[in-house]
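Read the single chain below, which is given as structure tokens and is the form predicted on its own.
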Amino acid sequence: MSKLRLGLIGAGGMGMSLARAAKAREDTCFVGVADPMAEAAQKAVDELGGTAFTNYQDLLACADLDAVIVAPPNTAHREVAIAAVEAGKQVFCEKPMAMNVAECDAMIAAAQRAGVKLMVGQVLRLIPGFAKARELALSGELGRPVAVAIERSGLWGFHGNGWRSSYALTGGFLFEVNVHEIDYMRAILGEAKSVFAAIPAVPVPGTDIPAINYVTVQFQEGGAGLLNSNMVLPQGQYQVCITCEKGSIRCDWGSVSYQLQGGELQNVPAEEIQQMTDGVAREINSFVEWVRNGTPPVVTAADGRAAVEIAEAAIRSGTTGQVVTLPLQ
């Protein structure tokens, strides 16, 4: 099979990160990049190759295009992904999959009608430290995982910086940021059955985005998830704690430790984590292998949809003060 001919729609930071991972493979090449900012599109093709477009439809019209990486602002995911699959292109869509479950369902249905592949980028479960902790949690060594608590806090650095400082364009932190943590919980504990959230009316300065999102999730198999998302906390941290029947696991970007009840604290050797493949490379490699060889993807469109459903339920709960049961009605 000849090289997989790719296009990039949205030449922002994450789009370029995904594209660089694809370009690093010997079996891919870039046909072009589409971004409404002509300078950004041209800068991207200078690095990736291909032709610069300011209109994504012009890129999709290229006869020699096989697949696209969809990475525009969140509100455009549904429109662009559906246009791509209707043009017969295989699609990798950056998270969040879309702005609500209805949009996710429309994307999945369009891909099924067109007979093309649709994958969603939920990278946290693939980033080495987090991937190693999940692997350990699911190994059975510490018994069945029963709870996942995650704190992601700090000072949001994108206030006043274009679309990422807009609630309407991002969906807020639960979509723009915490869809990662939501997916990670689900990747360990399974399907969710209910969500409760507290979202105080405290915005990040310079934005209209609520800064604090406290979310609890009950899972169908009895597990519980807790998300502490606070983007106005100067003493911020990123910490994951996984409680299992016989012990616990803690991890962050680059370290993993675990301890059995009554046992000694164990640290996973740093070199064991460092030798794991980068998360962005893993998801892009999986997409390419799925398209070329039919190898099942490491993250599916159904995974992307499920994370969006929990985020949407959390926003409903934060608005009403009530527990929201799943599936959403």
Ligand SMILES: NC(=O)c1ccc[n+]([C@@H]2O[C@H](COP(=O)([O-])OP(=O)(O)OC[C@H]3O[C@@H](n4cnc5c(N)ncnc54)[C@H](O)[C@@H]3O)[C@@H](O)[C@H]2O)c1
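This one's a predicted model, so the numbers in the text were calculated from it and none came from an experiment. Counting begins at 1, following the sequence as shown.
Below: the form predicted together with this ligand, not depicted.
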- Which of these stretches, 213-221, 120-128, 140-148, 183-191, has heavy atoms within 4.5 Å of this ligand in the model of the complex? 120-128
- Could you work out which of G154, G88, P73, P205 is the residue within 4.5 angstroms of this ligand in the model of the complex, going by heavy atoms? P73
- Message: Although the partner isn't part of this model, could you tell me whether K95 comes within 4.5 Å of this ligand in the model of the complex, counting any heavy atom of the residue?
- Response: yes
- Message: Just checking whether A34 would be counted as a contact of this ligand in the model of the complex - the rule being heavy atoms within 4.5 angstroms.
- Response: yes
- Item | Partner contact for A11 in the model of the complex: this ligand, 4.5 angstroms, heavy atom | yes
- Message: With a cut-off of 4.5 Å between heavy atoms, is R134 one of the residues that contacts this ligand in the model of the complex?
- Response: no
- Task: Could you list the residues in 47-67 that come within 4.5 Å of this ligand in the model of the complex, counting only heavy atoms and keeping sequence order?
- Result: Y56
